[in-house]
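Single chain ahead, by itself, as structure tokens, in the form predicted alone.
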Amino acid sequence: MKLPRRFFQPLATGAPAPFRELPVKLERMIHFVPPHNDKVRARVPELAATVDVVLGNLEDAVPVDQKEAARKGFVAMAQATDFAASGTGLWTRINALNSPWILDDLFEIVSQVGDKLDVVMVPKVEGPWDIHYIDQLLAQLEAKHGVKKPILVHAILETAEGVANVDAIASASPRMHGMSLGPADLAASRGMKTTRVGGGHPDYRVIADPTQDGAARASAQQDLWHYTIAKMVDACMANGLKAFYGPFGDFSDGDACEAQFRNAFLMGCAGAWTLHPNQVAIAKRVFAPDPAEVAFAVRIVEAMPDGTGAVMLDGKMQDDATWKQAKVIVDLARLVAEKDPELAKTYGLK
């Protein structure tokens, strides 16, 4: 445990000081790119203007014999594109801490494009000790290579142990950016009986009590991930971090993807992973507040400028608690409007 007075001290001489607050950025979708694929990488400069975050994936879905190519491809991608000019985040998902590629991932990337890299996503984080290791190593590499801004860390919850330690992970370092749910690996770690990547399962249901007349009993499919998302959101928000839904693997089922993303949004997630271009539009639509909700939230904020007292709007009482809810929606709407001119017109924000 780091003592409070030392929590924000750099962990290496010459490393940049950690952020006291996360930079304010719109991160509705973390769009995964396979850097070892030359054709996909060639489209990144055009892609960067259409998404909030571009992530070069070095871990799962990259064959063992392509690990080095993926790493070199990510460096080339970072060098060839001015992500900052379009306000797009540049992330990478490194290989797992127990893999033989992790050190080369960080050594080569930080040395060559450390100042362009915003976030390192760390897979299969199981406890604060994993974050402490990455925290110290990044500080040493930042100092060695003269990186001017701290590289943030994003943890993936994809093991039962990681979920059990979610609060300790969230508070492990000022370098923490947030967390994502990794449903596929988590399902395997928990012994869940599903081969789906995210989303629901038709057999995970509740059923109504039997009726005296023997009528068909109502049944409804439930969300396998509700508990974990809620636990992750609580840990993140309690520590000033961002929570994200991870991958939705069925690219052909846009309706189910949208429903899962919307559930995560309503529960407090800032965004989700997009693995296919058709999921980008879904994330943009879902992780932005509804214009009608924005209009009503604006009325609440304007009626209670200092957030105190109580007023009646449309027959409903509004007080300091609903003012806080409204402020969340209005602040997000303003952030979205800065990046999306069409939504800015729809929101009508001053």
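When you see a residue number, it is the position in the sequence shown, counting from 1. None of the values given here were measured: they were computed from a predicted structure.
There is another form of this protein, the form predicted in complex with a small molecule, and it is not shown here; the text below is about that form.
Proximity to the small molecule in the predicted bound form, defined as a heavy atom within 4.5 Å, holds among 229, 275, 120, 138 only for 275. The partner is absent here; in the predicted bound form, the one residue of 204, 251, 129, 107 having a heavy atom within 4.5 Å of the small molecule is 251. When the small molecule is considered in the predicted bound form, residue 57 lines it closely, a heavy atom lying within 4.5 Å. In the predicted bound form, the small molecule sits within 4.5 Å of a heavy atom of residue 34. Among residues of the shown chain, residue 184 is one whose heavy atoms approach the small molecule to within 4.5 Å in the predicted bound form.
Contact check for residue 197: a heavy atom falls within 4.5 Å of the small molecule in the predicted bound form. Only one listed stretch (311-319, 65-73, 37-45, 284-292) carries heavy atoms within 4.5 Å of the small molecule in the predicted bound form, and that stretch is 37-45.
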